[in-house]
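Below you'll find only one chain, the form predicted on its own, shown as structure tokens.
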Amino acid sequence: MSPRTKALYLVLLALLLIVPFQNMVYIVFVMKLLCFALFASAFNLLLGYTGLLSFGHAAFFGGAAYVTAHACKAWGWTPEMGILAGMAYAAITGWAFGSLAIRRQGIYFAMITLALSQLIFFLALQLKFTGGEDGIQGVPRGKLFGLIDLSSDTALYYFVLALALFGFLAIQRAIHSPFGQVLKSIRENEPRAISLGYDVAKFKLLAFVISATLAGMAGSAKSLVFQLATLTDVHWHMSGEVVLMTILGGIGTILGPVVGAGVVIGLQNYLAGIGSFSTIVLGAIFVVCVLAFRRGIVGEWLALLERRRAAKAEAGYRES
């Protein structure tokens, strides 16, 4: 990691730490942004670094939200235990879905994940404990480790921030490890990875499970932030939104999904007053960005920096 990148991360962390002490940004909005940034980053691990396009990640995000909400409300579990329950659900479901989906590639993989995700949506609609169309409302935030009262937005914010940082660090560690290098080789040339002796199916499944688990953690945190879990969380639109966030920010970049989540969530919040027309505006923005920024916002920025670096190096070579 370059010194500039480290400095950028430290500045972002400092800004996030002081959010509760200023009045410029609504703290609940920032918590929502952190949850979706983690969700998009988890999805990017699968799409950006393994080359697997899933249209079913709402099953892990929304399903974990339901599990956490039910555990905290009906069983009286503490928030950390509720989140662990949601992550366990997402990991198990991710293993089951991944075991089936990785048998196919391309559009067939995407369609299998979408079909399996719709099963979770159907269960969320029909099972009694999910509340049907009403969802699970009034989820208690509880006390973290039995000590810290999360009914305070400030306390909950730092808890959500800690979860998001944990998820980002886990993803960062994964992609810069030998495991991450194998994932990249699978994305670039799967037959060659197989010829080198790697068990491609095992690596794909592991990446799928990690991505699903972190997506579940994001969904669990969101259920505590808004104190509810609804059908919106498991609807296929949610899977579409996370794809939009990742492509808009930049596939295969660290900060791309974070930027993409910020743009989408910010626009949704800003355009909420125009109702359903907001989806038309978002769609138009997406089309323009795909045509103008094929690598995504962060991807294009990194490409620009690389071109400048190459131009300086070439100029220095000519002078010498």
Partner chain sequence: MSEAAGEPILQTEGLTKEFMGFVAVNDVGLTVKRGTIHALIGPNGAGKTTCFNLLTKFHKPTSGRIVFKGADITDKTPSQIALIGMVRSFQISSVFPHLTVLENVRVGLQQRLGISMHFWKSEKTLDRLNDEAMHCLGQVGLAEFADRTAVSLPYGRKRALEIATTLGMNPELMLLDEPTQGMGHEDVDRVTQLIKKVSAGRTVLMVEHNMKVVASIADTITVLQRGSVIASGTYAEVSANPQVMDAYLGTTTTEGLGAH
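Treat the numbers as computed from the prediction; the structure is a model and nothing was measured. Residue numbers count along the first chain shown, from 1.
The next section is about a form of this same protein that is not shown, the form predicted in complex with the partner chain.
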| field | Sole residue of 74, 196, 92, 127 within 4.5 Å of the partner chain in the predicted complex, by heavy atom | value | 196
| request: Identify which of 136, 182, 87, 248 has a heavy atom within 4.5 Å of the partner chain in the predicted complex; exactly one of them does. | output: 182
| Would residue 203 show up as a contact with the partner chain in the predicted complex if we use heavy atoms at 4.5 Å? | yes
| said: Taking any heavy atom pair closer than or equal to 4.5 Å as contact, tell me whether residue 178 reaches the partner chain in the predicted complex. | reply: yes
| query | Given that the partner is absent here, does residue 189 sit within 4.5 Å of the partner chain in the predicted complex, heavy atoms only? | reply | yes
| request: Verify the contact flag for residue 155: yes if a non-hydrogen atom of it lies within 4.5 Å of a non-hydrogen atom of the partner chain in the predicted complex, no if not. | output: no
| request: With the partner chain left out here, work out from 138-146, 79-87, 222-230, 167-175 which stretch has heavy atoms within 4.5 Å of it in the predicted complex. | output: 167-175
